[in-house]
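Here you get one chain, nothing else, as structure tokens; it is the form predicted alone.
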Amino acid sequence: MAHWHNWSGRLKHKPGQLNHVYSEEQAAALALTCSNEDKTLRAVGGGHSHQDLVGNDDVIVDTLGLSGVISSDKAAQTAWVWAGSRIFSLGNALHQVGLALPNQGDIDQQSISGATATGTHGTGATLKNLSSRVVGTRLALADGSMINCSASENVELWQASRLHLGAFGIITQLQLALTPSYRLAEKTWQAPLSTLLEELDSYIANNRHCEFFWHPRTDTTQVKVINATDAPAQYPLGDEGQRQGWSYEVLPNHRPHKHTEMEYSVPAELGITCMAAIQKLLSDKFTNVKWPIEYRTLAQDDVWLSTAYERPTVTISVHQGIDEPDEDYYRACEEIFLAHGGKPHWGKANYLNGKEMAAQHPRWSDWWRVRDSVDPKGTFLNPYMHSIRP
């Protein structure tokens, strides 16, 4: 029996099959076979999610063999890429044709399809998540067909599958809206939390990227801002916080310590209030937690299941080491997040059911309606997806 585990090692499964696909023909045939045999099929890329989006007893398919840039259009600022491409592999490849992702997260080990599947994002009050950059998709459906969708073709399927949770089919190609290559310079410093929160709105408004980490039960934060620059790249890049180079060189960071994570998105105007409540929780109750709290911003978008759907957003992330207890801590944080209108990141821990999810996402029923139309037998629904379906 095959073995699979996610990046942290916390999620582990023994599916009946662990397949690898290297072509669309192979992906389509596998989808049809699983449907005919009433088997569950879930695709995985980098395995970086903390939520159990992949696990099932039947078939897991690794899509990393579908990797690379397929074509690009510099004038239109778009490119077709294979869905299994790791984000780190796209940076230089796109740069060679003068293009770049407008933003990305500080981890670049995910596959691009996995990152768009879960609404993964970076930071920046004017910058949207990766799902919003999907302007075209090609996928293998449960009936064995290959289908294209975009804003002008199979429009509802495109809109729903921009943030797809692996539930529509095997995504094989994505067309991304990009920007001309650009350079960034970053700066970091320590600041008292009390002082930072007073000045935070100004930092967010006056920098392309702004984020901070707060160290529990201290008044210490690590602040980072990143801005576009016309100055040449400086090599070697140096340590995080003082790099100056192309966007794909500066935005990602090395995160070697294995952990679990919960992240919620709250309305931007409630970010500081929510942060204060989390700060009090850690100071009063969870006094053994040592992992820092991360605070970022995210622009509103129109992606149906995005946590920033039609609202400017602040994201707050809490962490624990993989060998440390986390459920009581995360549940207490979740109560605070929900009290502040929070929505959970799809790739990270949460304890919500389908009814609670439906109350948070105005297009929930539309997303499921479109999903069910292309996979009526539920081939692409694993136990977690069944647990939240209407």
Ligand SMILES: Cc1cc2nc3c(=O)[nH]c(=O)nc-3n(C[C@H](O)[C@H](O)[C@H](O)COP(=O)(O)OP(=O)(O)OC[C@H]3O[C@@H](n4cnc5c(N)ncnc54)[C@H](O)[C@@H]3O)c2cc1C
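The structure presented is a predicted model; accordingly, all values stated were derived computationally and were not measured. One-based numbering along the sequence shown.
Although not depicted, the form predicted in complex with the named molecule is the subject of the following passage.
Contact annotation for the candidate site: A83, S113 and H164 all lie close to the named molecule in the predicted bound form (heavy atom within 4.5 Å).
When contacts are judged by a 4.5 Å heavy atom cut-off, H259 counts as touching the named molecule in the predicted bound form. Residue contact check for R255: one or more of its heavy atoms lie within 4.5 Å of the named molecule in the predicted bound form. Taking non-hydrogen atoms only, G45 approaches the named molecule to within 4.5 angstroms in the predicted bound form. Residue contact check for G347: one or more of its heavy atoms lie within 4.5 Å of the named molecule in the predicted bound form. Of the residues A117, V134, V314, L178, just one reaches the named molecule in the predicted bound form with a heavy atom at 4.5 Å or closer; this is A117. Checking L281, I147, I107, A299 for any heavy atom within 4.5 Å of the named molecule in the predicted bound form turns up a single hit: I107. The stretch in contact with the named molecule in the predicted bound form, judged by heavy atoms within 4.5 Å, is 50-58, chosen from 28-36, 330-338, 50-58, 358-366. Within 4.5 angstroms of the named molecule in the predicted bound form, the stretch 6-20 places a non-hydrogen atom from W7 alone.
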